[in-house]
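Okay, so here's just one chain, in structure tokens, the form predicted on its own.
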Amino acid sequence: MSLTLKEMAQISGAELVGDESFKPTCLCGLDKVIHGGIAYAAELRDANADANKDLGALIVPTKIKGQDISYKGNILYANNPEWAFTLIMRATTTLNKNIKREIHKTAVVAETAKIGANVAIGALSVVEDGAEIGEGTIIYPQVYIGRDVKIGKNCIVYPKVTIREECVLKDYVILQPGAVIGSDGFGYVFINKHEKIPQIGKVILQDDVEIGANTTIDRAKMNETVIGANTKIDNLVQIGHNVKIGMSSILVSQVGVAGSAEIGNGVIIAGQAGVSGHLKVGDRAVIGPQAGIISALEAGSKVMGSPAMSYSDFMRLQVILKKLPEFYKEIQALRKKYNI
């Protein structure tokens, strides 16, 4: 690593107690300490682990300053050690920084496409007529960008991504490998057989959205499917047509959101949960893993189970379920006693 602890302290806003000129050998975690590396501890007990003696530096919470810490090496005090460590990671990682900003000779870019400054387009990628790619965006190999797609500045589109016609990516969007943006919505009408309804809308991903690997976001039947700014969607998630998701929400792996559902701001949906179509989930709601949402949720709701119920009701039910074998035996004994 090229940064000194003084530079790391400046980048992270941490207070350094130790050798300003020391350069840690690497970033590491406390689960696998590497000699001379730098790690962070969220709590005092983590800072006092025996293995820490091999570290070159340790980031610890400012709140424990003045307390007895067994680690005697270089220390950086930070209000949020994980965030301080993250800022150092951002400054030292070479991911995406060393990519040549050029159009690869095997890429196919339509003459009518508009390519901004400092853009990279990787091998075998295709950019169709009317597409626009903003300044500083990186398109990895084997990406398909459809007709009239608009991509903002400083986006990252990893391999095997498909962005279909007329979809819009604002600035700083990240699409992980295999994501599909703008696939047809699942719309059919039964006239003697299932007849396909054309899906003529599009998808809009607002600023700072990240979409996980092999996640699919369907285009709207008409108008737009919209993912709000700073929302993060994990791998293997299905978002149906005409869905609206607000700002800074989190959707974990294998979540499914059916068509025309509305998800508010700051919502958390845990793994394998499902939201039925045309429902509204209020701001800051928390939906537990494998929950089934079949009715609207008010802002701040916390639910689990399928069908979903309040978290408190769900936990009480779990206690009762554990006692069911005992209840069953008692009922059988009563039936036998009274010949019922």
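Residues carry their position along the shown sequence, with the first being 1. We call the rigid core whatever largest set of C-alpha positions still superposes within 1.5 Å between the two forms. Fair warning: this is a prediction, and the values are worked out from it, not measured in the lab.
A second form of this protein, the form predicted in complex with another copy of the chain, is not displayed here; the remarks below concern that form.
The stretch in contact with another copy of the chain in the predicted complex, judged by heavy atoms within 4.5 Å, is 83-91, chosen from 130-138, 69-77, 83-91, 113-121. Contact check for Ile331: a heavy atom falls within 4.5 Å of another copy of the chain in the predicted complex. The closest non-hydrogen atom of Leu317 lies within 4.5 Å of another copy of the chain in the predicted complex. Among heavy atoms of Lys6, none comes within 4.5 Å of another copy of the chain in the predicted complex. Using a 4.5 Å cutoff between non-hydrogen atoms, Leu169 does not count as a contact of another copy of the chain in the predicted complex. Contacts with another copy of the chain in the predicted complex, taken as any heavy atom within 4.5 Å, map within 176-213 to Gln176, Pro177, Gly178, Val180, Ser183, Asp184, Phe186, Tyr188, Val189, Ile191, Lys193, His194, Glu195, Lys196, Ile197, Pro198, Gln199, Ile200, Asp208, Glu210, Ala213. Positional change of Gln332 between the shown form and the other one reaches 2 Å or more at the C-alpha, relative to the superposed core.
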